[in-house]
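Before any questions on binding or motion, here is one chain by itself as structure tokens, the form predicted alone.
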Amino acid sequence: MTLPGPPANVRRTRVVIIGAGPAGVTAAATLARHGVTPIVIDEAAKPGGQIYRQPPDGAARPPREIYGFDAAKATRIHGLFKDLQSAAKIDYRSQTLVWNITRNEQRFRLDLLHNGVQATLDADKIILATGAVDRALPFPGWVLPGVFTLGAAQIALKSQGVAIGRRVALIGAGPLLPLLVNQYLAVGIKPVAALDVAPFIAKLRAFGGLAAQPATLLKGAYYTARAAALGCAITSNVRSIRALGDSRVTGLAYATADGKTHEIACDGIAASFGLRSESQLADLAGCRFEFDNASRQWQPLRDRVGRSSVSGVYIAGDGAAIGGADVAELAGEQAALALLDDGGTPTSVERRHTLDRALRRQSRFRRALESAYPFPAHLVANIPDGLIICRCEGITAGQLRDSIARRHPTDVNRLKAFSRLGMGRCQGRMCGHVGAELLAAHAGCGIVEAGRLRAQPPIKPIPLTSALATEVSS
């Protein structure tokens, strides 16, 4: 069936998609099928997002070697985007950072940075498909050279085929841990330790909900069993961790639930504790947020099809709520259909219902996954005073606790003003949530009352010299 072309007003609408991962790609393809040519902006050199990150030119490897069971999905997403480009169905702008969004009358203005040159771009509608980053939690020694996040270790492996060390310890609280263990095993590196800070009993209790997606459940079970069979069994319910070394990592000490302590030699540690949505642009666009207890993080408020609280802003994928690549694909298409509907372009009611049903099933699975890997509150509760929380500004937990005791802030933004928490290069992306946890624990307020650090432009560092080389586009 040939779809009718969009109304003239929709054809004239400038739609910008920020992010070229699974959500952004499927959103772009959906708009293109309905006659709309979106502008797709992405920081990476090639599309695919973090999950389907492509190696740079000259470092190509077989997809199965890079993506494992997801090789077919990655190949399909890459191929779909390539087809859109070759048919001139999208305006693709790679290696471009959107560092600010403002509202200009009825349009949005995006501040961009590309090759050291600043530019501005106006948009009528925006789809935010900004993805997620590792949720980092501080632990003794986490600032030592040789400590990475799990996501960083995976990116190095996917992009360049590079491991973070010869004797590597992997630590996590989520499904990325068994996946990365197997990816390391696949390239001939057996991690010296694979530590899960979540209790094994939580996974057993969540089994019924996880069965809502049997293929995904079986894949996770396979990864776990294969790691054990190859001599790298994952240890659950780890109670504390500490990186050892002076000028760089030389080992790892950890304690298990039975009270025993262990120490191993290693030259690389990758540790992260679930994922956190990249939602700064949603904040700058004026979107309202709500706190999600299951994932213990703030998320942009949106309806079931991706409309945010701001007219003209749609949010899809992990940038709205952590759901994984499959959810991101469905949500990207759903958000694009909502945008088209709002602009008067007819879309398939049957397809919208199909997407809704699929996302409801995925939602049940995701909630079960969050209960299988609960937030590791015990790691936060045991943070010593001398531990650096804000790496950019060198702020310790003791300094934050002292500010709380003396100045009595009840909001993390006030704590920021008193302590400089989150005023550095990362804009609080790594430390803001930990600061809120410490505030809630020591100020007698709840985590919701502690709030979240408000986003500030630029959301990522930009060079001052770029202000001298500015281009302006309409």
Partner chain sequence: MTLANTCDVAIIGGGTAGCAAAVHLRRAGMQVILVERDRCGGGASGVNFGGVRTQGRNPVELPLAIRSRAIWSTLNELLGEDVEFDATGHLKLARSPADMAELEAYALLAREAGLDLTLIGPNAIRAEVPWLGAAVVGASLAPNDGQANPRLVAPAYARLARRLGVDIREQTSVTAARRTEHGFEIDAASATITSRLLINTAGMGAAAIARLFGEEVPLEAMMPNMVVTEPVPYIATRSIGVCGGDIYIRQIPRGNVIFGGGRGGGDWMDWRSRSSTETTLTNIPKLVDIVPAFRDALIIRSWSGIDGLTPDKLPVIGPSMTTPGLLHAFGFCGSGFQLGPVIGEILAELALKGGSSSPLDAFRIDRFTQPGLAAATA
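Residue numbers count along the first chain shown, from 1. Here the structure is a predicted model, which means the values were calculated and not measured.
What comes next is about the form predicted in complex with the partner chain, which is not displayed.
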Specify the contacting stretch among 211-219, 93-101, 271-279, 190-198, defined as having any heavy atom within 4.5 Å of the partner chain in the predicted complex.
93-101
May I ask you to choose, among Leu438, Ile39, Met423, Ala32, the residue with a heavy atom within 4.5 Å of the partner chain in the predicted complex?
Met423
Just one of Thr224, Gln183, Gln118, Ser309 has a heavy atom within 4.5 angstroms of the partner chain in the predicted complex, so which one?
Gln118
Is Lys46 close enough to the partner chain in the predicted complex to count, meaning some heavy atom within 4.5 Å?
no
Is Pro458 near the partner chain? Define near as a heavy atom within 4.5 Å, in the predicted complex.
yes
Is it the case that Leu284, even though its partner is missing from this view, gets within 4.5 Å of the partner chain in the predicted complex, heavy atoms only?
yes
If we define contact as a non-hydrogen atom of the residue within 4.5 angstroms of the partner, is Arg352 a contact of the partner chain in the predicted complex?
no
Could you list which residues of 354-375 come within 4.5 Å of the partner chain in the predicted complex, counting heavy atoms only?
none
